[in-house]
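The chain below stands alone, shown as structure tokens; this is the form predicted on its own.
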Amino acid sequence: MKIYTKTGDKGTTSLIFGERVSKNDVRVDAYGTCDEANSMIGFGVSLFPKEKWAENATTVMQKVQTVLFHVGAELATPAGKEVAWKLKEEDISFLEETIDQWQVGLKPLKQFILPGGSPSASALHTARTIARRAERIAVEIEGVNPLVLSYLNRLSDFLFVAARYVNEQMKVNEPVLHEDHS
């Protein structure tokens, strides 16, 4: 099987079920942005150290990446059709439960933190901003599954906590916003 098909050479691509659309279609933008977030999560995980907590976190992240792939499939499905990998309420609950578990050991937020810290946490912060962009794009899709919007919203919360969790586990201080910016 060749990886290149040449079918997109004139600026169109196929949604699931074969409908051809422009590569600047809002659905393509939305699922492409989910793919960006997914890739950045993978990059962040690739930077995890070889420690027990990181093995567990990697398992969690790979589950999140799998569900995010399913979100992309839903976004790539034309209105009126239903994808086989339908998002479930449990997928959102998983994010919320993990957020709650990982927040237990974190210092309470008393001021704004800046994205950064360890390289892996920085990548997760970047993934968070990409997930927010995916959400902003997805709201433009008429008839989008409401669970997709909820998942993307919760995903950015999850990635924020995940970045903090990684910094805490790696004993890296989070950069904080300084009042004096002169």
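A quick note: this is a predicted structure, and the numbers were derived from the prediction, not measured. Throughout, we count residues from 1 along the sequence that is shown.
Keep in mind the form predicted together with another copy of the chain is missing from the figure; the text below concerns it.
In the model of the complex, at least one heavy atom of G42 sits within 4.5 Å of another copy of the chain. Although the partner is absent here, V28 lies within 4.5 Å of another copy of the chain in the model of the complex, judged by heavy atoms. F69 belongs to the set of residues with a heavy atom inside 4.5 Å of another copy of the chain in the model of the complex. In the model of the complex, another copy of the chain lies farther than 4.5 Å from every heavy atom of V83. Scanning 117-149 for heavy atoms within 4.5 Å of another copy of the chain in the model of the complex gives G117, S118, P119, S122, A123, H125, T126, R128, T129, I130, R132, R133, E135, R136, V139, E140, L149 in sequence order.
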